[in-house]
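Two forms of a single protein chain come next, each set out by itself as structure tokens; they are called structure 1 and structure 2.
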Structure 1
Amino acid sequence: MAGQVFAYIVYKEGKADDTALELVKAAGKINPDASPTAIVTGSGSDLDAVCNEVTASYKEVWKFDNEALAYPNAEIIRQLLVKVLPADAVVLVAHDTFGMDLSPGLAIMLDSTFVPDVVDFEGLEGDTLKAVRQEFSGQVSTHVNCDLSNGAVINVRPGVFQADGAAGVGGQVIDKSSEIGELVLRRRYLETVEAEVGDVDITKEDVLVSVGRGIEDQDNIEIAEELAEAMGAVVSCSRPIVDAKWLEKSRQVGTSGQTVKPKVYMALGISGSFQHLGGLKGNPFIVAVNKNPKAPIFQVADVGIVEDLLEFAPVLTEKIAEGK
């Protein structure tokens, strides 16, 4: 049977990331009887605020307060976790840029199993966990057996384990700062460079019409712009559109672009890589249009439409105009 389940909580400006709730849901799919322990590291009042926030979802919250942990430096956090985690711990981490920095090295240091970018769990039998990953840009689902006898570090794709909200657990915060010990710093935080805001700030928009590789040509972006105008929305995009210089960087949604929290997100011709979905927060209502029925975006979409966006979008624009 798997050991104790832990969830590493990331946060910004005193508020836990949406993945904090998602990791609770993921832990429940590993073992319905599991009661995951949250691990929160940092320093100061923001740390206290996050610890108190996540007690609504976790029965136990381990707090580590140290100036060296003020910035989420994976190198330092690995040193800490190796000291405090039990040998057979199962550690859940969001599969984002920080998680990819933290987890592989942590698994090596713990001598445990590492499983990246998990999108589902199919049950636990003894020490064997059945997990589902995706390969070839989401075109193929891979079912893997994970040996948990020495524990595991598992990166969970953001957005795939949808949580309805805080569970009202009313847990307790346990201050374990005295267990931190010496931390050896080889790289240090210098500064945060905020992305430039272009002609529109997509991070503040309630409705986004986002285009991806399926738009095919720069001239076709006009189709998305017309739909966005009809919907009272703003056009955003995935990284390939920025790389092709069809839209400016400030309109890119994703881990290497902007993090957005719209109420409605329409994805036109976007496959749905974890890098793109990592930029979506706040559980928006997602409408996906893609002619590939196996596109990963359909796994997280509230409404999925298998259709060529170049044919579908103009019809939708027309119908919205008629409705008005």
Structure 2
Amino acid sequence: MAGQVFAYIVYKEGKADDTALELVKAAGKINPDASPTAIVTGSGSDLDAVCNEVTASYKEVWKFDNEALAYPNAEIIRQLLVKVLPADAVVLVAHDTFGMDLSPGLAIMLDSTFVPDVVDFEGLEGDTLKAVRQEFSGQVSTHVNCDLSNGAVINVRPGVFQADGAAGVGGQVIDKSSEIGELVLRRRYLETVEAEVGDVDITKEDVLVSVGRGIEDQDNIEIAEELAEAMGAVVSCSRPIVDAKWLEKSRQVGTSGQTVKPKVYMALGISGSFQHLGGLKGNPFIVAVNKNPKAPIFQVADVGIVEDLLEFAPVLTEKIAEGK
């Protein structure tokens, strides 16, 4: 039987991230009998507040308080975890930019198995865990067998294990700060530079016409702008459009961009990666235009149009204009 299950808790300004609850749910899916232990690192009152908060959903909460941990620097936290975790630990971490930073190296240092970006678990048999992952930008899924005999670090995709809310388990906080020991600082956190604010605030818009790589060329952005104008909407986009410098960063929807809550979202030539969809909240009416009928965006869209957007969008624009 696999070892003790742990969950690393991410938090901000003294409040646990949604993933704190999602990891409890994920642990239950791995093994219904598991009672995961929360690990919370940091310093001072924010740390205490989060430890107390997560006692509602974790029976045991390990607290590590140290000034060097004040900012969550994965390079330091990894050293700490290697010292304090049992050899066969199964560690759950949210697959965000912190989890991407921490986990692969942690698994190597613990000599355990790393399982990245898991979207589902399908049972544990002995030491073998069957998990579901996605490949090729979510176009196909795979089952993987993971060997947990030496423990594992498992990164869980945020948002997929929807939690029902804290269970009120009334757990206890165990202060483990004395076990921290010496920490080596080969990567030193300096500051966080906030993303630039642009000319429009897409987070406040009701209707967005969003363009992805399918727009193919900078000159074609106009096609989306004309459609947006006809609809009374604003243009937003996926990451490759910003990488190519065709639109400003402030118009990017997704985990590394803006979180938007429109009523209507038109996705033109966007495949529907989880990083993109992670920025789309509030259950909007989604229209997807994509020439690939297998594009993952069609799984989340309400209405799909399997066409070349460069042909379809101008027709739509014209028809809307005619009707006005």
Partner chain sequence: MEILVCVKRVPDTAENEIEVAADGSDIERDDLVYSVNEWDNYAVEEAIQLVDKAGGSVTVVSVGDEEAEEVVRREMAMGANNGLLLSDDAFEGSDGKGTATILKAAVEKGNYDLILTGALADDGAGQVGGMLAAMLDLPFASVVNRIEVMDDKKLKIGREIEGGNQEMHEIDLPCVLSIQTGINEPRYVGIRGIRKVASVEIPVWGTSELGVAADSVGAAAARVKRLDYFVPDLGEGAEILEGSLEEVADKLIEMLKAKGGIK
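Between two forms, the rigid core is defined as the largest C-alpha subset superposing within 1.5 Å. Numbering runs along the sequence of structure 1, starting at 1. Just so you know, these numbers come straight off a predicted model, no measurement behind them.
Between structures 1 and 2, only structure 2 derives from the form predicted together with the partner chain. Once both forms are fitted on their rigid core, the CA atom of residue 204 lies 2 Å or more apart between structures 1 and 2. Relative to the superposed rigid core, residue 314 undergoes a CA displacement of at least 2 Å between structures 1 and 2. A movement of the C-alpha atom of residue 9 falling short of 2 angstroms is seen between structures 1 and 2 when the two forms are aligned on their rigid core.
For residue 303, the CA shift between structures 1 and 2 after superposing the rigid core equals 10.9 Å.
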